[in-house]
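Below you'll find only one chain, the form predicted on its own, shown as structure tokens.
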Amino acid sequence: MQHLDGNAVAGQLADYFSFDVTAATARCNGCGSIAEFARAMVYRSGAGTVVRCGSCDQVLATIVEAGDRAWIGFSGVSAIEVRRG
């Protein structure tokens, strides 16, 4: 099977990431809990933002902003469910 580069999913990803992420559900890698991002615990500091599972305190996501850039990691999430339509 021939592969394409990441540009091939630009439109598809734009469809999924142009929504209110707090309404999406995520599965925690730590405990397997599935809950809306809005139910997570958020900690902010000068170094950035850490989003933790409301059930087990596992880090779900991190956000670091500096000037005109942002780094967003979902290292503790095994899946995000997005309702379409």
Partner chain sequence: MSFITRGFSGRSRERDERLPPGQTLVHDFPVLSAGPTPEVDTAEWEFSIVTETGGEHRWNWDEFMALEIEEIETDIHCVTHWSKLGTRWRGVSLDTLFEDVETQYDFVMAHSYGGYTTNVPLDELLDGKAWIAFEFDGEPLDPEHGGPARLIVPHLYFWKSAKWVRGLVMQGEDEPGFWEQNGYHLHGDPWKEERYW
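Just so it is clear, the model here is predicted, and its values are computed rather than measured. Numbering follows the first chain given and starts at 1.
Not on display, but discussed next: the form predicted in complex with its partner chain.
Looking at residue 66, you'd find a heavy atom of it within 4.5 angstroms of its partner chain in the predicted bound form. Using a 4.5 angstroms threshold between heavy atoms, residue 50 counts as touching its partner chain in the predicted bound form. For the chain shown alone, residue 25 is not a contact residue for its partner chain in the predicted bound form, no non-hydrogen atom being within 4.5 angstroms. Proximity of residue 40 to its partner chain in the predicted bound form falls outside the 4.5 Å heavy atom cutoff. Counting a residue when any of its non-hydrogen atoms is within 4.5 Å of its partner chain in the predicted bound form, the hits in 53-84 run 57, 59, 62, 64, 65, 66, 69, 71, 73.
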